[in-house]
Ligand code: 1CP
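The chain below stands alone and is given in structure tokens; this is the form predicted on its own.
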């Protein structure tokens, strides 16, 4: 197996370049994906292990990154909780039975969801037969998943979520605790099925103030990170706003932190010398001309030169209208980089 990612997560990558993989590296920007998407809806693709396996492998075959991330979604747990999840073209996820009252939380299923999520574990097992690079499993951070369940769809202000959180913190914590328990069981089963790394996406945590992040996001991510560590598998925590929250994220005890693009990664390293850092190219740089894209990638690489605990990635996921050629240029630039150059 290509060891770069796992070495970096141990702080022991002493090769001439960092590992590279990209958030949302499998998906809508690839013509191969769109061809499949014409025949199936999004959840159907996620729930069909053979299709999810094919989609996961598409960017591996096309670009050769140093890790694969299983094709799935952070909302599979709410889907297993029967909240009426569907995906609308152009609008993203919609939850038909959005949570509105404390009673809605009481009615959520507390028993194991693993049977309903078995398609993910089947996909992981199929991928492990094909891959010669590490496989990243993942889950959504409890705050972000709770927000989708309350808002009913992608939100900008999260007003309903934050009103509930502020006005009735006890019931909000009850929801977070339930989602955390389900998530721990879910990621543990991903590991048992063959996942080599777990990344937690608390994507909407940037909507929180420092105090609210400490109360409603961080403790729950820490519980998940602790559970992963007990399985002897590395974990990566990511959220929008991670450059701001990085010192707190480090205290949660993950193997690594995925950083957005709102700070120079070398400056974050100067403050956090003892944890793996992942990131943090602005994903919009993928729209740039090839020379500009190469220059921006090399700038980050130079700033982290010879860092044994660094993983190159974007500061967020690839947008659906990005050219696959840009993705290839990015990955090739990292793979051809030498610390002596």
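Numbering follows the first chain given and starts at 1. None of these values were measured; they are calculated from a predicted model.
Another form exists, predicted together with the ligand; not displayed. Remarks below refer to it.
Partner proximity in the predicted complex, defined as non-hydrogen atoms within 4.5 angstroms of the ligand, places exactly one of 86-94, 122-130, 210-218, 163-171 at the interface: 86-94. Scanning 275, 297, 69, 304 against the ligand in the predicted complex with a 4.5 Å heavy atom cut-off leaves one residue, 69. Of the listed positions (52, 26, 314, 311), a single one reaches within 4.5 angstroms of the ligand by any non-hydrogen atom in the predicted complex, namely 26.
Using a 4.5 angstroms threshold between heavy atoms, residue 63 stays clear of the ligand in the predicted complex. Contact check for residue 287: no non-hydrogen atom falls within 4.5 Å of the ligand in the predicted complex. Proximity of residue 154 to the ligand in the predicted complex falls within the 4.5 Å heavy atom cutoff. At a distance threshold of 4.5 angstroms between non-hydrogen atoms, residue 250 is out of contact with the ligand in the predicted complex. Residues 33, 37, 42 are the members of 30-61 with a non-hydrogen atom no more than 4.5 angstroms from the ligand in the predicted complex.
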